[in-house]
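Heads up, the chain below is alone and in the form predicted alone; it's given as structure tokens.
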């Protein structure tokens, strides 16, 4: 069993966190995001993985290498221009000689892949699509099925009077290799719009695999923060240390929380539900609640950070207040006593985009 992970996007919704690195390796609980997906695949016996890449591929290669440290084998394919979900997998067609999985490169989930693989084989499907329930299906494309789990149609962003299901595409597919014959070579093509609806219309067996397991798309800052809160919740009240750090005896760390290696936590610091990356320094009397700090962040005395993200080497001045939803890019310096407004995004100096 092989899997293709689609990691070609520029991560524009997640900027400024993705100005300097691709979304595939933004840290989640102090580990590159793709590590979580690769370990998820490995738990279900899938160890041969193709990364379909585009934006900033070199940092991913440098980070993950050949995958052996994670118990998987990685193959990198880089597209010169965006080819869409189906087009990207078509490029990997010569490596896919049997049924294979496709995963969007921005989801964290507990969907039972082993059960999905078994159902695919038992049902004789050409395509199986994992589905997940949402509270408001009108902002998604829903997938309607019949009583036997066969997909009947796809309905994009239905009005409430059109809603017949709250199940949406979860971004995990299992396909038979001949399906790629429907995808034109060297052409931008989408499974969701071009391939799957055509298969359903032609009467080909396209089956759903609905699951109410945990699922989240980390593609926005709000969801990125939510994923950290959700994952930490599973730790109960545990405080984990990635390695050795200096924590002042008067500091109080309330779990769940994660402290990276090489950090210095000062006098009277209060930390609750936060993730602190390696080599961070938190000054005397600072308060961090549900904040996510990347590598080398400097938090000065008396600063208050709540439900926000600070990128690599960001600097938070004395007495600063960083409220919920704020996203501070790599290397950004917040001047002492600054009061940001909720949801501000601060970009790295000199970043021009692409």
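Everything numeric in this text was worked out from a predicted model, so none of it was measured. Positions refer to the first chain, counted from 1.
Not pictured, yet referred to below: the form predicted together with a small molecule.
With the partner omitted from this view, the residue of 272, 121, 188, 229 that lies near the small molecule in the predicted complex is 188 [heavy atom within 4.5 Å]. For the residues 50, 41, 29, 53, the 4.5 Å heavy atom test against the small molecule in the predicted complex is passed only by 53. The small molecule is not drawn, but in the predicted complex it has a heavy atom within 4.5 Å of residue 10.
Using a 4.5 angstroms threshold between heavy atoms, residue 88 counts as touching the small molecule in the predicted complex. For residue 79, a non-hydrogen atom is located within 4.5 Å of the small molecule in the predicted complex, even though that partner is not displayed. Put simply, residue 3 is far from the small molecule in the predicted complex: not one heavy atom of it is within 4.5 Å. Annotated contact segment (heavy atom within 4.5 Å of the small molecule in the predicted complex): 98-106, selected among 195-203, 98-106, 232-240, 174-182.
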